[in-house]
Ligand code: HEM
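Consider the single chain below, provided in structure tokens and representing the form predicted alone.
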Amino acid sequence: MIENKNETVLAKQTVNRIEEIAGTYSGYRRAHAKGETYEAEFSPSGAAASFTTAEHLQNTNVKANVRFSNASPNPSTPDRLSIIKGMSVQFHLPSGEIANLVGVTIPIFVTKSPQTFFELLNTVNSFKEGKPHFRDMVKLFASYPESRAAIQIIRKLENTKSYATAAYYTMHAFYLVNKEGNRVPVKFEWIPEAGIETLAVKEMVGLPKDYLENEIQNRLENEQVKFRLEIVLGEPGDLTDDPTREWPKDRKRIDAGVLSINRIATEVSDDIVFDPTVVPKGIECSDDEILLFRKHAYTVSHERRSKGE
């Protein structure tokens, strides 16, 4: 109980700091404020069924809601200025339960502990502008060497041409659990069927602030947007508690199925909480402190926006 209380206090402090840096926008998420939710259907391949009892990874199609977003806490931030994009999926399982899978366009996180993340927010102010300035990078690397890899990825990241042409990574490790109780560490990736396409700086000139929402809406008028769910299998020695480090590229993968996005979810409230720790039977959260902390931060954010704060 004391641990949970401490985590709640730190979550409030962290959300407060995000608001101090980026401002407070009544009724919006404290991160990934600008986004749109879509109706979708997931068709599992069945290839993961021997690894897990999770309902949506067996042989039955399930409905889903998908929210694409840019990472900024400011809902007015133009898409081109928020370099990291998000794709959150909520599966509606046959049992009536839900399962969430939250991904972003970088494979790792900037810290491995909630306390360090809070301290980092007190160091770097220019994150609100999409990419940290060089002077902030120097200060950051000196104080938080674990953040080096993620910041370097962000600095090199190019804007995606479409929400439909980016790969999205869960960053955190989970466990698949089968009917015998065997557990295997995994990470999840959404791979676009349309391929990966980015925009050069000169191609960004003159784009409307909402170019990504406009593009995917036009795309959906002519075709479904599809992603393959790839499950990366961890091996002994692969860290499950450190989201700042990638697993080796040669890890085996399971092609777990295809997500087909159909249309804007006009009857779905944007009040959905895509808490990444909400997983079904057959999937377990790892001992990643950042993953487990996100539940508390999401709760604080949801409470504030549901009150119109």
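As the structure is a prediction and not an experimental result, all values here were calculated from the model. Counting begins at 1, following the sequence as shown.
Separately, the form predicted in complex with this ligand exists; it is not shown, and the next lines address it.
Chemist: Just one of 196-204, 100-108, 159-167, 216-224 has residues with a heavy atom within 4.5 Å of this ligand in the predicted complex, so point it out.
Modeler: Among the candidates, contact is made by 100-108.
Chemist: Taking Val62, Pro192 and Arg228 together, does each of them reach this ligand in the predicted complex with some heavy atom inside 4.5 Å?
Modeler: No, the whole trio is out of contact, none within 4.5 Å by any heavy atom.
Chemist: Is Lys187 close enough to this ligand in the predicted complex to count, meaning some heavy atom within 4.5 Å?
Modeler: Judged by the heavy-atom cut-off of 4.5 Å, Lys187 is well away from this ligand in the predicted complex.
Chemist: Check whether Gly86 has any heavy atom within 4.5 Å of a heavy atom of this ligand in the predicted complex, and answer yes or no.
Modeler: Close contact exists here: in the predicted complex, Gly86 approaches this ligand to within 4.5 Å, heavy atoms only.
Chemist: Since only the chain is shown here, I'm wondering whether Met171 would be in contact with this ligand in the predicted complex (any heavy atom pair within 4.5 Å).
Modeler: Met171: yes, in contact with this ligand in the predicted complex.
Chemist: Given that the partner is absent here, does Phe274 sit within 4.5 Å of this ligand in the predicted complex, heavy atoms only?
Modeler: Although this ligand is absent here, Phe274 would touch it in the predicted complex, with heavy atoms inside 4.5 Å.
Chemist: Looking at Val279, Ala31, Ala49, Val258, which is the one with a non-hydrogen atom within 4.5 Å of this ligand in the predicted complex?
Modeler: By the 4.5 Å heavy-atom cutoff, the listed residue in contact is Ala31.
Chemist: Pick out the residues of 280-309 whose heavy atoms come within 4.5 Å of this ligand in the predicted complex.
Modeler: In sequence order, Ile290, Phe293, Arg294, Ala297, Tyr298, Ser301, His302, Arg305 come within 4.5 Å of the partner.
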